[in-house]
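Take a look at this single chain, the form predicted on its own, given in structure tokens.
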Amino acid sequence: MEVVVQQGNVVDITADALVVNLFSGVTRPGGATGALDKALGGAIQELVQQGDFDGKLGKTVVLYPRGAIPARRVIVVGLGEQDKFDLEAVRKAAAAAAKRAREVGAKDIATIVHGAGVGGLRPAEAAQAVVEGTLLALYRFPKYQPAQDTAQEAGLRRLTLVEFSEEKVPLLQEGARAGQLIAESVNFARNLVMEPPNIATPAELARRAQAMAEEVGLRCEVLTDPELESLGMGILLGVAQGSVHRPHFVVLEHNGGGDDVPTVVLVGKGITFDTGGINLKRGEDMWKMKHDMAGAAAVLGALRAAALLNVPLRVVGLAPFVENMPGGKAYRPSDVLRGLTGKTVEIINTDAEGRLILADALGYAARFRPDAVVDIATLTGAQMIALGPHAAALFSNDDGLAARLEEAGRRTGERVWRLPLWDEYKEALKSDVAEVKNTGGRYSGLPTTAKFLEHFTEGYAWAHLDVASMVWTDSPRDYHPKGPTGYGVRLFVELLRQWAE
């Protein structure tokens, strides 16, 4: 989609659909919406007075100007209560308007920037949120389906942000550019997660990472069996034993400001398909296990955005891609594996495999002498039970890093909730034959998994995000169509940009 910023009066804009807004409780529109209402002979005010529009967040109504203004349609979208208005409300409102515009067949839409005037948001941030909400809401993955409706599939082609004040235009252009690059990077990650596992093998995902890196200017290295064996990544290789698809460990690097800037390492779980191995999963839900690499996809998307935005940090992305399969060569419960750090693990359950590949990846992260390491993984059912689809579980050994992630989550709507890393959780991981077991059992499954990962960190500030409930939605909501959400990309980009500031 083409995204542009245009200086002018909304009543003079030509578009298939023109989007304006109202807060809840407003009976007399003001600002751009008020100017448009006047041009329409009070049509918007009449809607409110008749009780047909209440300004509830995300609610929309379509008006037809019949030649009163150049735009063919007007979409009024609710912003909700003004005292609760924030960037997430902007994204949700923009998403609702974009979906309504697509429903009525619009090919280009023009919109005021929600919150850039009344609302108290910084213009650049508001513009970014409008573009993110629009592009994320309109995401589709039609790759393996014939087009059902050619006109509908064509979709929206142009988004114009309209601003009356000439002084604000450069700020909106800055925000719109960031919003477009970030949303496109989220959709890049969504595409990877949506691919079927017979296509998205470890080798293919490594190839796509290399192609993306070449496109945006990232350094990329792919480690395969010889390098992994030489490094001593026996834990990761153990998980990979049962699959004919060999593991590929992707290392991406963006060095936006040279060696004298902070180094942040992002690590993503990349199980391209998880059968559970010898501890086979139940069959009815196994098809969803193609999204067990969503953490790695988020890391790739975040690195893509960091490069395009030229974030002035050294950012490293580690994405170990492995398939977990049963078979004659598969690793077994009671096996003992030794990893890159030299530490050993007793395997209790082969379906607790994500933490195993992360163990070697976290060990590898130490070589970059990072200021911080954050891993992201669809790791436990316990996270889904504890927090539902509303927040990722956050664990950290560093209060400052945890606070940065919490603030990034607040600003992006990709929320996190910090949980404790008490030493008492080590007890459940004690093994009779190795340093640790790969699962602490049914109780305290969420923190014991984080405690397992901490065992393999090497003296750096570290945070772990369990995102099991966050990476997929079974029904459309707000700016997330059914399917992969791309959770983590925007969270990480915000973390990096705020860190750089």
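Heads up: residue numbers just count along the shown sequence, starting at 1. Being a predicted model, the structure only gives us computed values, none of them experimental.
Omitted from view is the form predicted in complex with a small molecule, to which the following refers.
For a residue to qualify, one of its non-hydrogen atoms must sit within 4.5 Å of the small molecule in the model of the complex; none of A200, A206 and E323 qualifies.
The small molecule is not drawn, but in the model of the complex it has a heavy atom within 4.5 Å of N349.
Looking at T134, you'd find every heavy atom of it more than 4.5 angstroms from the small molecule in the model of the complex. Of the heavy atoms in G342, none are within 4.5 Å of the small molecule in the model of the complex. In the model of the complex, the small molecule lies farther than 4.5 Å from every heavy atom of L453. Contact with the small molecule in the model of the complex, defined as any heavy atom within 4.5 Å, is confined among 114-122, 80-88, 424-432, 352-360 to 352-360.
Taking R190, R314, H291, H248 one by one, only a single residue has any non-hydrogen atom within 4.5 Å of the small molecule in the model of the complex, and it is H291.
For the options T378, T272, S185, Q128, the residue carrying a heavy atom within 4.5 angstroms of the small molecule in the model of the complex is T378.
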